[in-house]
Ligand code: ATP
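Before any questions on binding or motion, here is one chain by itself as structure tokens, the form predicted alone.
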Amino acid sequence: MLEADGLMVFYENMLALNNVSIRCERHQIVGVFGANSAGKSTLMYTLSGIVKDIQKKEEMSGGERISVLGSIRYMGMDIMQDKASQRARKGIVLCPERRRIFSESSVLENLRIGGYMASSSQARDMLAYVFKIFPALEPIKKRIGGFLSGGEQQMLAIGRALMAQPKLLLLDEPLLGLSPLVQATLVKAIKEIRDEKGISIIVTEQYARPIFPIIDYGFILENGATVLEGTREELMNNPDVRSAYFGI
């Protein structure tokens, strides 16, 4: 479904991604794990095309020079030159780190904004689905986003991404800063989204333990480079992974 090869991203003289290759097949959940500054968010920005928007803004303002190299193929098509909006229309949708909801808009308004590219029937059906997998959102659908808890905001952010009708959903550290109970709720929802909607998912996380049980394949990033990859079972049986991410 998506295959990226040899991705390299330079911010001025800093190498943020170093020859990273990643793939995600249809109906897979792929995990990307690494510490802070490992390159996880840069990878997601590169796959979604947002890095190209940042690159253009920096060029126009005379800011830092950003270089992006490598190839990205999606459903057999080369999308490396596509803008973020073009990739979103093709079904690649990013749910960014730290939620970034519209804090002055209500839950329902946030969700409807996410569905601006969908048909009325698609938006109606997906809205019902969002309230099904995140039932805590329906009673507070008129509440302003800025007054939600961190867990509610993350549910809303994922719901808003779903409203854009993704075929490939990119989740950038969805569990960041949340309680174990909320993390478990979100992990269950992520698996349901794949199983019930057939949406492929790439999810990044610093802490692998909650996500590991639901992934089909995983990549470990360190200092912007891929140092390990494998199936869930292969990674779980790797002593370095067990030590670094599970403390055993």
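In this text the structure is predicted, and so the values were computed from the model without any measurement. From 1 onward, residues are counted along the sequence shown.
Omitted from view is the form predicted in complex with ligand ATP, to which the following refers.
With ligand ATP left out here, work out from 180-188, 195-203, 211-219, 30-38 which stretch has heavy atoms within 4.5 Å of it in the predicted bound form.
-> Checking each option against the 4.5 Å cut-off leaves 30-38.
Position in contact with ligand ATP when the complex is considered in the predicted bound form, options Glu109, Asp82, Glu152, Glu97, heavy atoms within 4.5 Å | Looking at the other structure, the residue within range turns out to be Glu97.
Within a 4.5 Å heavy atom cut-off, is Met14 in contact with ligand ATP in the predicted bound form?
-> Answer yes; at least one heavy atom of Met14 falls within 4.5 Å of ligand ATP in the predicted bound form.
4.5 Å heavy atom contact, Glu64 to ligand ATP in the predicted bound form = Result yes; Glu64 sits at the interface with ligand ATP in the predicted bound form.
Could you confirm whether Thr42 comes within 4.5 Å of ligand ATP in the predicted bound form, counting heavy atoms only?
-> So Thr42 counts as contacting ligand ATP.
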